[in-house]
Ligand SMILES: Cc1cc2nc3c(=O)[nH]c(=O)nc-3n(C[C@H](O)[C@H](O)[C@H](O)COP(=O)(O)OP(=O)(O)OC[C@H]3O[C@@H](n4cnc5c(N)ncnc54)[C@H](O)[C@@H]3O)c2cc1C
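Just one chain is shown here, as structure tokens, and it is the form predicted on its own.
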């Protein structure tokens, strides 16, 4: 059996959340291991649109996403070109006056909290995004929203962690954690004072009865059509889709990439654990997109793929110690906000482990909140 290595902290999963955690810990001087069974930036990270969004479903969600945006702005200057950081802003578009009332509610909410926003009327929205169908009621522009290419960001964060001394263990799966010992699938043993599970819904294999479930999503990417879309654009109906906890749903969500390509979403499916593309869902998703942006019909799509995002019942991630496992920490359950909140998740876990005072209250994200089943 290979000889065992010993660390202060071992992170399981090298998606963007795990990569950010490894970077945070290594930068703080902790002897850090990062263990990934497959590819860096694969899994849910490869299935994320990369929209760095501020959200307002709850005060806890707002605090997490807003702080995350601050951290992304600090990191942006360091990101290499292949990470495709694009400060394009995001538009929540209203199809009718009922949805426009929601635009104004969101405008008040964000303005009261210092987030720069602008309400667009029918005319100014048409000027800003000429390929949208005519007659939209308006939109809310969130000026600080941006986009990145998540797999390359994960690779960049891992490289930074390695620069600061982290050890990458690639192609190995953690089979079991007992106390300070992790057993890998090749029979090797790894010792660590603490473990962080940042492996999405796969964390359930290591923590019994963990209450997260995989949510399947589809993405379509087009050939290059520069300036066809200028902002991240999301229909306000997306919020109804995002709040659904059981039914399959689709909503219009399109993103410009610095390459000139367009990334089109979105879909949500529960209870479907087949990784293959579901033609009916893709068809419904694209039909929804065509309703909002008819010109998309003329563009060429070059790839369609799926991924699974770990979801929780209250739409908030699990960040902190796993109940009953004092040295096992969770960094999962981010669902569609894992890219946005990866840096903040890492910062909060670093605050816990190093006994620093966090910038935001971590209590709403702790895994011991009422719906979690302790394993």
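Fair warning: this is a prediction, and the values are worked out from it, not measured in the lab. Numbering follows the first chain given and starts at 1.
Another form, the form predicted in complex with this ligand, is not on view; read the next lines as being about it.
Taking the partner from elsewhere, every residue among 36, 39 and 340 has a non-hydrogen atom within 4.5 angstroms of this ligand in the predicted bound form. Proximity to this ligand in the predicted bound form, defined as a heavy atom within 4.5 Å, holds among 68, 45, 322, 32 only for 45. Proximity to this ligand in the predicted bound form, defined as a heavy atom within 4.5 Å, singles out one entry of 206, 95, 168, 152, which is 206. This ligand is not drawn, but in the predicted bound form it has no heavy atom within 4.5 Å of residue 27. Although the partner is absent here, residue 199 lies within 4.5 Å of this ligand in the predicted bound form, judged by heavy atoms. Remark: residue 307 counts among the residues lining this ligand in the predicted bound form, judged by a heavy atom distance of 4.5 Å or less.
In the predicted bound form, this ligand lies within 4.5 Å of some heavy atom of residue 217. From the list 73-81, 117-125, 170-178, 135-143, the contact stretch for this ligand in the predicted bound form under a 4.5 Å heavy atom rule is 170-178. Residues of 46-85 that come within 4.5 Å of this ligand in the predicted bound form, judged by any heavy atom, are 47, 48, 49, 50, 51 in sequence order.
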